[in-house]
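Here's a solo chain for you in structure tokens, the form predicted alone.
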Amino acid sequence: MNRSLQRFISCAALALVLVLSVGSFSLLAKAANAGEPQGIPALREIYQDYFEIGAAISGTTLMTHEELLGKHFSSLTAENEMKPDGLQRAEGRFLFHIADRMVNYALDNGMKVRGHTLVWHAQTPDWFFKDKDGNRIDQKDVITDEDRQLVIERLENHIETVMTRYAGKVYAWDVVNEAISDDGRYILRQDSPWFRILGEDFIEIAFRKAHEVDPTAKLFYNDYNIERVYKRGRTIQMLKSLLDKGVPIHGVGIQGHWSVNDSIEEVEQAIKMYADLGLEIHITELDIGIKDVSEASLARQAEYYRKVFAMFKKYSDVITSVTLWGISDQATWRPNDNPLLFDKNKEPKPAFWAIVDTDKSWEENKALYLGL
């Protein structure tokens, strides 16, 4: 065989090997992309272009649910540890160690922190509302200017101490929590000691002080059922009155303690109405209850989660954060309602798979990611 023919055969053989190698690699890549299971996806990555996805935690669940928290959530909220009785049980004696641990964990893991809550009628120690002689001011027949000034000072001192500590670390605060009355005759709760002592002014005082202490923080009014018709109008009336006076309220927190029978359309209408006030919207305490964990109930819960997250995504120009009130059904304030995305064994439920892609069923999403 002459050298020219030998060289031609060698080159042709090499080219054939290269073609076959590239073709094989391409086929393998296509097969991997088409059918290879990807495992459980991270919610924080799925929703990064829509809104922050958060969870409420306790000092205990920070440890017991750390793996799920770190993988799936981009924001955290202290369930109880930043409420007044969690931080200042006795006047002037602040207990920050658990809250500090939560905030530091979040910062170390690239997460945001929502502060919850500065002013609330519940979970606030009695001393906030006692006069210098130890009597409950809100129970007096006559409340003096001295009494009112004492309570204002305590409110403002609490806000200043807490917000100063977390300035630059906590980006948003639920400044006032659950002030709207469930009784349609009134706008504000008549049984709140804040209202009984300071009248409606306590809300304005709280927001102005919060803005003074940390002008960079987003300040929210937070409440339950304010998406429902019976409570929505009075909430809007209260917020508009304060906004018209220049009170620095930046957003409204809709808690979202729902069941699978609640109207999603009512929630959507409320979102539009609060957005019309120029307010940012956070879904702050989301959990959706069912009464049992039968296959049918879990499927109904999954479908409700799918629909509600599809709606949240539709309004992601105004909804900038969605926080689940807990991580798994193992640790929830609604233990009989099985309301969260992960079950008591911390495994993803149909509800989890439903929000992975709201354009598909939970079964399709699970099959796609796990190769089932």
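Residues carry their position along the shown sequence, with the first being 1. Being a predicted model, the structure only gives us computed values, none of them experimental.
Beyond what is shown, the protein has a form predicted in complex with a small molecule; the following relates to that form.
In summary, the region of this chain contacting the small molecule in the predicted bound form, judged by heavy atoms within 4.5 Å and restricted to 205 to 213, 255 to 263, 155 to 163, 189 to 197, corresponds to 255 to 263.
Mapping the unseen interface onto this chain, H116 counts among the residues with a heavy atom inside 4.5 Å of the small molecule in the predicted bound form.
Using a 4.5 angstroms threshold between heavy atoms, S241 stays clear of the small molecule in the predicted bound form. Within this chain, S181 is remote from the site of the small molecule in the predicted bound form, having no heavy atom within 4.5 Å.
Although the partner is absent here, Q269 is not a contact residue: none of its heavy atoms lies within 4.5 angstroms of the small molecule in the predicted bound form. Within 4.5 Å of the small molecule in the predicted bound form, a heavy atom is found for not a single one of F51, E227 and T320.
Scanning W120, Y171, F96, Y105 against the small molecule in the predicted bound form with a 4.5 Å heavy atom cut-off leaves one residue, W120. Residue N177 is the only one of S74, T235, N177, Q88 with a heavy atom lying within 4.5 Å of the small molecule in the predicted bound form.
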